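Just the one chain here, laid out as C-alpha cells, in the form predicted alone.
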Amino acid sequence: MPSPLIEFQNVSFTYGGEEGEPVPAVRELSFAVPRGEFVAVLGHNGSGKSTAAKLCNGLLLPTEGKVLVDGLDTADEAQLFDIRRRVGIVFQNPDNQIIAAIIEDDVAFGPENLNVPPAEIRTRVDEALKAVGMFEHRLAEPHKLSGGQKQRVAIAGILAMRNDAIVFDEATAMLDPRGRREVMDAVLRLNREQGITVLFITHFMEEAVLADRVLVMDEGRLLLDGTPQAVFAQQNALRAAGLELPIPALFAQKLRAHFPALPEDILTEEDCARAIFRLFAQKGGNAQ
C-alpha cells in the first residue's frame, strides 16, 4: 500500500503563552490523508484546526510526534522546500495572500520563485486561472474583485506551483454565501477532475458534507473520523464538541416527526428534496 500524502503520527504542539506558560493546541493527533482524498476538518474555535493546518507543510513543527508529507519529515529543514512544493495552504483572508497589482502576475509569483522557465510559467498561469474560472479576469486589478474571486485567485496561485495537495484554512470564513459557493465549486472541481488532495478546514457543516471524509477535532484531539454520514450520525458527540448538524439534516429531523419514512442519512438540500419527492411518489402524492 502506498504511503499517505499527509500523515500525522501522534503529533502534539504547544504555543508559548504569556509569562512563559505553555498553551497546548494539538494533542496526540494521528491521522492520514491518502492521495486524492477530500477531507474536511471540523471543530469549534480553539479546537486546534488552524494549528493542524500549519503543521501540514512545516509552517509549524510538532512539539512531539511527526508530520510526514509524501514520506518526508517536516522537521527536516533540508526537506522543507520539497514539502512546500507538495502541499500549499490557502488562508482565511484573500487580501493577505495577493501581492501583485495584476491577477496573472500574482499567480505567476510562485512559479517564478521556483525558477520555472518563462514559457512554462505562462502555461501554468493560464491553466491555473482556467481551473478556478478566473481566466477572463487575468488582467484585472485585485481590488476590483469580489471576496470569492480573490480567494479563487489565491487558489490559482497554489495550483500554478503544481502542488499535490492544498490545505484550506477556513478559506470561506470571510466570504458571503455567493463567494463561498464559488470557492467550493472550484475546490470540488480540482479534487474530482484533477485529483488534487484537499484538506478543508471549515466551521460550515454544509461544506463538510461534500467531503469524502470528515475529521472532528475537540480541544486539540481527534474526536471523530469517518464518512460524513457516519460522523453526522453521532449527534451527541457533535453537540458535546459544540457542533450542530447541517441545516438540511435538522430540517429533515423535524419532518421525520410527521413522515417517519424519511431516511436518517439526509445531509444536503439535494438529499432532502430527493427523499421528499420519493416519499410523495410512493404514496401517490399523499404522504399521510
Partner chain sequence: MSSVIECDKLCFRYPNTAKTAPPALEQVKLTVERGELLAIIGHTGSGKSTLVQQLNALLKPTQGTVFVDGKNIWENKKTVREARFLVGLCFQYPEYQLFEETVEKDIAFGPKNMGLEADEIKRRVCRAAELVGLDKLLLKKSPFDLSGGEKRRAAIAGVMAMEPQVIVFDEPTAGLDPRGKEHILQMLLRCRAETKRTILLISHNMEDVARLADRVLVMHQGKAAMHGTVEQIFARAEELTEMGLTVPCVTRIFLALRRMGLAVPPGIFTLEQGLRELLRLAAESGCAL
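Residue numbers count along the first chain shown, from 1. Predicted model, so just to flag it, every value in this text is computed and none were measured.
Missing here is the form predicted together with the partner chain; even so, the following discussion is about that form.
At a distance threshold of 4.5 angstroms between non-hydrogen atoms, Phe259 is in contact with the partner chain in the predicted bound form. By the criterion of a heavy atom within 4.5 Å, Phe251 is counted among the residues contacting the partner chain in the predicted bound form. Residue contact with the partner chain in the predicted bound form: Phe277 places a heavy atom within 4.5 Å of it. By the criterion of a heavy atom within 4.5 Å, Asn45 is counted among the residues contacting the partner chain in the predicted bound form.
Taken together, the three residues Ala208, Arg213 and Phe232 all stay farther than 4.5 Å from the partner chain in the predicted bound form, as judged by their closest heavy atom. Taking Gly195, Pro117, Gly71, Pro177 one by one, only a single residue has any non-hydrogen atom within 4.5 Å of the partner chain in the predicted bound form, and it is Pro177. Put simply, of Leu243, Leu29, Val33, Ala40 only one has a heavy atom within 4.5 Å of the partner chain in the predicted bound form, and it is Leu243. With the partner left out here, the partner chain still marks one of 124 to 132, 71 to 79, 107 to 115, 168 to 176 in the predicted bound form; by a 4.5 Å heavy atom cut-off that stretch is 168 to 176. Residues His203, Phe204, Met205 are the ones in 191 to 221 with at least one heavy atom within 4.5 Å of the partner chain in the predicted bound form, listed in sequence order.
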